[in-house]
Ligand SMILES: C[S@@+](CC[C@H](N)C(=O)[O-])C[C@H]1O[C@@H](n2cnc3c(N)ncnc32)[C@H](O)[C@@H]1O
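Next up: just one chain, as structure tokens, the form predicted alone.
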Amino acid sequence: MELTPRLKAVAYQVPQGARLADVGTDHGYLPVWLLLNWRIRRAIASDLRQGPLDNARENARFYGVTERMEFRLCDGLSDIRPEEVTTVTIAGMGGETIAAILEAAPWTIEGKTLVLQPMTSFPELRLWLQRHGYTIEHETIAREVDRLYTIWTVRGGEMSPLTPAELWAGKQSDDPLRGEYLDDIRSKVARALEGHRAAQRPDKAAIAQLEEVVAGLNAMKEELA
């Protein structure tokens, strides 16, 4: 069984020997792969929809890991108890959805490892984590086809205030894809800035904030170089 580069990057952030809850498991590829490679002890695969959960159950049966895997039809972590898991993975969802899932499960701040892979709303999710007592301990970047993804390892704890640019792009790291990722984020912010400037009634505060983000991203790129 082979994972996509994005899911493999998520898998490598899961601690050895974890008891895992994979939220929004879809086909269950992530927990099945982790169990096959004996990287985790047990897994709970949860999904909001019955169809994906049935797919996950079928894949677990096909690869012979059903005895070490459970399946929960639930919204986020609503049917998962804190004592059942040590690590939670949430991949392939919007940042605001991830924040809502964590807000509904405040026990995730107590001694759990969270591996998050947001698809959108990066600054909103980083700001939410900062304000709610979580800290991003590590970020890694994965390339899949022509898109870059970031995977965050998060735990409970105080996080130093992030600059506007860091809310968008995270802190500097030695990841080989960091420079390309900064370019990608800078392009997104530049497009948002152009849209605000072209508006019939430009929001001066929003424009100033985005200009500060662009300046910070430029400084990051220079520092990296």
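Counting begins at 1, following the sequence as shown. Note that the structure is a prediction, hence the values are computed from the model and not measured.
The form predicted in complex with the ligand exists for this protein as well; it is not shown, and the discussion that follows is about that form.
Which residue, Val85, Met93, Ala99, Ile109, is the contact with the ligand in the predicted complex, using a 4.5 Å heavy atom cutoff?
By the 4.5 Å heavy-atom cutoff, the listed residue in contact is Met93.
Quick one: of Glu137, Glu124, Glu103, Asp75, which gets a non-hydrogen atom within 4.5 angstroms of the ligand in the predicted complex?
Of Glu137, Glu124, Glu103, Asp75, the residue with a heavy atom within 4.5 Å of the ligand in the predicted complex is Asp75.
Could you tell me which of 56-64, 24-32, 156-164, 176-184 sits within 4.5 Å of the ligand in the predicted complex, going by non-hydrogen atoms?
Within 4.5 Å of the partner lies stretch 24-32.
Considering only heavy atoms, tell me if Arg49 and the ligand come within 4.5 Å of each other in the predicted complex.
Arg49: contacts the ligand in the predicted complex.
In the predicted complex, does Met220 come within 4.5 Å of the ligand, counting heavy atoms only?
No, Met220 sits far enough from the ligand in the predicted complex that none of its heavy atoms falls within 4.5 Å.
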